[in-house]
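A lone chain, given as structure tokens: the form predicted alone.
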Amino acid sequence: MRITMTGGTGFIGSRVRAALEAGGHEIRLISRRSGPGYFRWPSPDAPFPAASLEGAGAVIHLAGETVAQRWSAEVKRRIRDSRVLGTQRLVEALAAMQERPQVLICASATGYYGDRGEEVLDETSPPGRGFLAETCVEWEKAAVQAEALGVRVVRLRFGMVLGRDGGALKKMLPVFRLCLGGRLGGGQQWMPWIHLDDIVALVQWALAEPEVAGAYNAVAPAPVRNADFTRALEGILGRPAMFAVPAWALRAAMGEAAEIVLSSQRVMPRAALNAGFRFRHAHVADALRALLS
């Protein structure tokens, strides 16, 4: 299958792309850079490169400004525009086509649910409040517009993706190896997470299964509290986590973006499990051991 892909050079996208190419798919990469092998899309407010969609059977849309930075008004604008406006431009390009791809797989995030304490959340749960939740709602609303064009739309709400070569774990490892790691805030907040291999498998599954449509929580079936994640990581590394970072210090350092690590989201992947998907890495200790042993 010919697949048009945004975000295909990032931490998650590069692994997804490699797996799909190994499976015989032809990937058309969309990027802000110009050069051989890329269709250039300089910014989310620019028209989507329509030529990249010709003959494509699927679109995988993973592009988005990182949220892991201190938020200013300008940074929040970039985060929102890269997701909401970028997805709107993509759907506009699909609307102008006569023969469209069969499926759009669009990233979203568990930030959709906001800070929900002990509440068990699945795909039927309503959205939360705050900047990330509001951004995710608008992001998904833009993607869903493609359904009216006859395109099957799959919205994957990513939790924290665990991989050795990128994302949050890559930033944690040097700190924990120096025995400077520890729980964040009170440590009782629930962390939705997923192993990178299961993200790749979810995308492949969503491409292959024509009945898969709508929202899917891309998280492992065993969410974990921050304190328990910390204990699992220190045990596998054999390094004591000697420090805790209080919530006030995180807010002082990160500002409003501290909600990324302090919010509690007890998210379950009910839609994927009910549809028959099976996770290779269901428990965080096993996932960390597979990545770090």
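These numbers were taken from a predicted model, which means no experiment stands behind them. Numbers follow the displayed sequence, beginning with 1.
This next part talks about the form predicted in complex with a small molecule, which is not shown.
Can you pick the stretch from 142-150, 108-116, 179-187, 207-215 whose heavy atoms fall within 4.5 Å of the small molecule in the predicted complex? Only one stretch passes the 4.5 Å heavy-atom test: 108-116.
Option touching the small molecule, based on a heavy atom within 4.5 Å in the predicted complex, out of A272, L20, I12, V284: Going through each option in turn, the one that passes is I12.
Does W71 reach the small molecule in the predicted complex if we count a contact as any heavy atom within 4.5 Å? Because no heavy atom of W71 falls inside 4.5 Å of the small molecule in the predicted complex, the answer is no.
Is there a heavy atom of A257 lying 4.5 Å or less from a heavy atom of the small molecule in the predicted complex? A257 lies outside the contact set for the small molecule.
Within a 4.5 Å heavy atom cut-off, is M160 in contact with the small molecule in the predicted complex? Contact check for M160: yes, within 4.5 Å of the small molecule in the predicted complex.
Indicate whether E234 is a 4.5 Å heavy atom neighbour of the small molecule in the predicted complex. Judged by the heavy-atom cut-off of 4.5 Å, E234 is well away from the small molecule in the predicted complex.
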